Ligand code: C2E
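Just the one chain here, the form predicted on its own, laid out as structure tokens.
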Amino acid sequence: MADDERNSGAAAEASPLSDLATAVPDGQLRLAYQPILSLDTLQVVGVEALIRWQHPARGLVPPAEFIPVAEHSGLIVDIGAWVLLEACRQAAAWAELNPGAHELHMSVNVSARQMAPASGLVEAVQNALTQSGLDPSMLGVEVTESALTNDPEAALRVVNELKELNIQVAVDDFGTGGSTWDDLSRFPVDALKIDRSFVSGLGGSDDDAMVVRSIIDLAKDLGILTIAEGIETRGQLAALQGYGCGYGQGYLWSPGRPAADLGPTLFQSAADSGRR
């Protein structure tokens, strides 16, 4: 490979990193929020905060393109702290302005890098709660299976510290990492989130249905909640309700939307939208 080709490749890799390094200070990051509903009542009980990058030249950059860069570089620690603070501020604002949102739960994704003891996740959560004034019981973090199982002893310490703050901890994308009852039983988690890849197969795949039922049964054995991701059809909803899944989110009700597009109207009409 010629030197100019090597230099061109290096520049292409460096550009996203250098751009991303300025995304937080330059105010380019945005949050969207996807409602989470009770599958019993079809009422909104919470939202998941979803990050977006509004690049000044490239436009809206999908998370799949920049999150791996942030993870690899370590920028995810600062980005994650920003997400926590912004999400907590929004939840506190909704609680103050909308009586129907006073118990609205805010969920924030946490990466494996953030779960490292030296990354300061617990301190970032404490700072977000202090600055926003949000009741800790209204905040939850979503952690992937791999973040718990790669270094279980370190992860357990972080989870215990988070629980001491009175926030909820959910295992995100559950079913994709091969965790067992023994792996999970040592962690004081509050919920398992069923990965969308299994939900999408409901009604067409016996294997996916078996996995979903097994996850729900496991959660019941552990005494914790289940939240299904990626619900898009009434058939998937009916199957999950039949299996006893407690909560869900997906395009059946709403994609991730800016805070300005959410409010009392959405919260009040969520049950009706699920029956259409």
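Everything numeric here is computed off the predicted structure, so don't read it as measured data. Residue positions are given as counts along the sequence shown, with the first one as 1.
FYI, the form predicted together with the ligand isn't displayed, but the following is about it.
Contact with the ligand in the predicted complex, defined as a heavy atom within 4.5 Å, is made by none of P136, D190 and I224.
Contact with the ligand in the predicted complex, defined as any heavy atom within 4.5 Å, is confined among 50-58, 239-247, 210-218, 36-44 to 50-58. Although the partner is absent from this view, E86 stays clear of the ligand in the predicted complex, with no non-hydrogen atom inside 4.5 angstroms. The closest heavy atom approach of H105 to the ligand in the predicted complex falls outside 4.5 Å. In the predicted complex, the ligand sits within 4.5 Å of a heavy atom belonging to I76. In the predicted complex, G27 stays away from the ligand, with no heavy atom inside 4.5 Å. Note on the partner interface in the predicted complex: the residue among A128, I167, V110, A91 having a heavy atom within 4.5 angstroms of the ligand is V110. With contact defined as any non-hydrogen atom lying within 4.5 angstroms of the ligand in the predicted complex, E142 is the only contacting residue in 127-153.
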